[in-house]
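Presented as structure tokens, the chain that follows is alone, the form predicted alone.
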């Protein structure tokens, strides 16, 4: 078993319950133990960083300081939420890059008898741990019901792959980690170029028309690619695209019905777990009808394409041009 420090973030007990339940279900078979840090606080999501820099970073750094105190043999802190992962990584980087600013943050932490040494922790997203630490071969070995017949669009959102402070991802614009994980589960991964495009975040509360345009673009692209579901790693993305899909349809007079679920949910399915046990059914756009497409039969290998040559048409043929004989004059 590999043990990691764990920062769950606020959404795991609310909009991300399906993520929490499926995460807890699949970590044990993969040999992962997550040790939740005590007394953690909200990371501030996205808005606070734009309002007051020092208090925002101190709020986030408090969690890093608590995790540093709780290391006890491990210095890897895992965050399943994309916003939390970004904020924790950004704070660690800011304190390490600017020693004067890091000292200011630690002055603020000192009010609570806390201190954080930049780079004392490795901050990882759960997907990164599964793909690189656990490994795809181990994932494949736990698959008891391959997701054959299910077409999935991998959607990471904008906050995890960039900025990539530690160089963990294969590509900041088109990372392949989620694609390869879903393929290891036996699913058909569709070509989805918008995998790192923004879902709009809290734009639904600020400029709904703009937000609905962003959501529509993502869902429409997934449908055009033939996806049965979009699979995400971010609680904000899941909530945004799922909860506001109905309002988006009303706004544009469309009828999109694209389920969006967490990658740990489809992992649970492939590991043989019941859909309800890994949170299926809580989403507003019901993903369960798409699960009927999973085939228990192996997908036959496609036969090599044969080159078909046009045959002669039946019936009278068109007259064919004739080359003149030697010495024959043509008019």
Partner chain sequence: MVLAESTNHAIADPGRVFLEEVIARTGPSCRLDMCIQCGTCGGSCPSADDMDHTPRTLFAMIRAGMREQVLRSNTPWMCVSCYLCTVRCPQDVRITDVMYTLKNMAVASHAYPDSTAPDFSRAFIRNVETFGRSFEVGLTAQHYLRHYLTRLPSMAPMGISMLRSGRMGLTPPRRIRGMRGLKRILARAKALEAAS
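Numbering follows the first chain given and starts at 1. Note that the structure is a prediction, hence the values are computed from the model and not measured.
The same protein also has a form predicted in complex with the partner chain, omitted here; what follows describes it.
Interface residue remark: residue 53 is counted as part of the site for the partner chain in the predicted bound form, having a heavy atom within 4.5 Å. Residue contact with the partner chain in the predicted bound form: residue 192 places no heavy atom within 4.5 Å of it. The partner chain in the predicted bound form is approached by residue 202, whose closest heavy atom lies within 4.5 angstroms of it. In the predicted bound form, the partner chain sits beyond 4.5 Å of every heavy atom of residue 75. Of the residues 292, 274, 42, 28, just one reaches the partner chain in the predicted bound form with a heavy atom at 4.5 Å or closer; this is 42. Just one of 102, 146, 208, 149 comes within 4.5 Å of the partner chain in the predicted bound form, counting any heavy atom, and that one is 208. With the partner left out here, the partner chain still marks one of 182-190, 130-138, 221-229, 104-112 in the predicted bound form; by a 4.5 Å heavy atom cut-off that stretch is 104-112.
Taken together, the three residues 81, 170 and 178 lack any non-hydrogen atom within 4.5 angstroms of the partner chain in the predicted bound form. Interface residues of 127-154, taken as those with a heavy atom within 4.5 Å of the partner chain in the predicted bound form (partner not displayed), are absent.
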